[in-house]
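A single chain comes next, written as structure tokens; it is the form predicted alone.
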Amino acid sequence: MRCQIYGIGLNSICCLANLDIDLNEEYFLTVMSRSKVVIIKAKGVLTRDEVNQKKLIHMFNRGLCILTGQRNLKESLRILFNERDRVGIKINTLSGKMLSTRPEIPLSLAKFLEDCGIHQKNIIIWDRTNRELKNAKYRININRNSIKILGTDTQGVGYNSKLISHLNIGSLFSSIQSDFITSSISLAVLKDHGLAGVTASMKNYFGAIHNPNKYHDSNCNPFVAELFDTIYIKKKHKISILDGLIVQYHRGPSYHSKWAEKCETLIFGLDPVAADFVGWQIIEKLRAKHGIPSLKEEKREPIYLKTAEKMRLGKANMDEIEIIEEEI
């Protein structure tokens, strides 16, 4: 086991005071000035596109325990959620089987949530469409008494009829995000994006609205930040988890094997801006390793993260982020 700690104190807690999230109050009285991001690597967790379940569970256990400072995974999740929560796990299945959130990841997370007291019927794994979910090898499940897997286009779901107008955002939200859930997890694939530069946990919520095509001008700035700042996301979002088992570091968001690297990594953060900022640095390192210009040089720097920082949504400055990296 190898552990690297960047920044101060292993027990410092992610800076969340500015997120206005209703979590366990006593825990967040310990909030400090730096945001904590945890990177867990596990060689062999992905073999021939199959996930090693034992190693995946170990990755979740270490990532969440280090992030929250708790002894085990159950205690870690109980800090973030309570038994009354209805939890949505927002995944990304836009790019087919090879570059979507693999089913084993949210299904394992859903099982952990169940173990900490949340009933199966109150857990939803979801994305935009059932077609995209099926293409990514998910089995649609709308059984009311079990863990549901479904798209917004499922009959009886759809988009909330109330237009949310906030700053430059004017959108209808998936009823899953607006009405069905009380707490949200962004379980996003870390990848390059031809317009935004980087797509990770914050931009993952573009899949929660009816008109994401409207918000891709100017490198998606300020739209990613402003969308996150809306009532249906900011008040419900609890944790960002970035799926970096395979990272598309160039020509994303679609899958291109030439520019996809097997990293076998999960990234955990309570500060969504900091988690995505760290993901951005990983993409830049991969680009440099393969002799590809930086996103700034290609005029695709994800400046929406700096906008998010100015809006007090989190940290986008390496001096204010504590990165803890462990290889298991």
Partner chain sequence: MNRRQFFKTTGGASILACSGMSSLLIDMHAFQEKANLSKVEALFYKKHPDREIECVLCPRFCKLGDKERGYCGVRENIGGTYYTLVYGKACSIHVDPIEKKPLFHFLPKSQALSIATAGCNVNCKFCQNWEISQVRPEQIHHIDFPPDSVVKSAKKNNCPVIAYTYSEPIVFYEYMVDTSKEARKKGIKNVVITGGHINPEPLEKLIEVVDSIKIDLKAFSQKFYTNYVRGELQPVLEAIKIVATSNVWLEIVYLVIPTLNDSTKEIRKMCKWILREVGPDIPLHFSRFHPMYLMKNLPPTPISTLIKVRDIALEEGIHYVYIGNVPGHMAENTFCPNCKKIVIERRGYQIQKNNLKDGRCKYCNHIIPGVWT
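As the structure is a prediction and not an experimental result, all values here were calculated from the model. Positions refer to the first chain, counted from 1.
This next part talks about the form predicted in complex with the partner chain, which is not shown.
For this session: Could you tell me which one of 129, 108, 82, 219 places a heavy atom within 4.5 Å of the partner chain in the model of the complex?
Result: Looking at 129, 108, 82, 219 one by one, just 129 meets the 4.5 Å heavy-atom criterion.
Exercise. Okay, which stretch from 237-245, 168-176, 110-118, 68-76 lines the partner chain in the model of the complex, with non-hydrogen atoms inside 4.5 Å?
Worked result: So the stretch in question is 168-176.
Exercise. Within 4.5 Å of the partner chain in the model of the complex, do 193, 211 and 214 each have at least one heavy atom?
Worked result: Contact check passed for all of 193, 211 and 214.
Exercise. Could you tell me if residue 204 has a non-hydrogen atom within 4.5 Å of the partner chain in the model of the complex?
Worked result: Residue 204: no contact with the partner chain in the model of the complex.
Exercise. Can you check whether residue 144 is within 4.5 Å of the partner chain in the model of the complex, heavy atom basis?
Worked result: Judged by the heavy-atom cut-off of 4.5 Å, residue 144 is in contact with the partner chain in the model of the complex.
Exercise. Going by a heavy atom distance of 4.5 Å, is residue 138 a contact of the partner chain in the model of the complex?
Worked result: It does not: once the partner chain is placed as it appears in the model of the complex, residue 138 has no heavy atom within 4.5 Å of it.
Exercise. Is residue 150 close enough to touch the partner chain in the model of the complex, meaning at least one heavy atom pair within 4.5 Å?
Worked result: Output for residue 150 is yes: heavy atoms within 4.5 Å of the partner chain.
Problem set entry | Members of 139-163 lying within 4.5 angstroms of the partner chain, judged by heavy atom, in the model of the complex | Read in sequence order, the residues that approach the partner chain (within 4.5 Å, in the model of the complex) are 142, 144, 148, 150, 153, 154, 155, 156, 157, 158, 159, 160, 161, 163.
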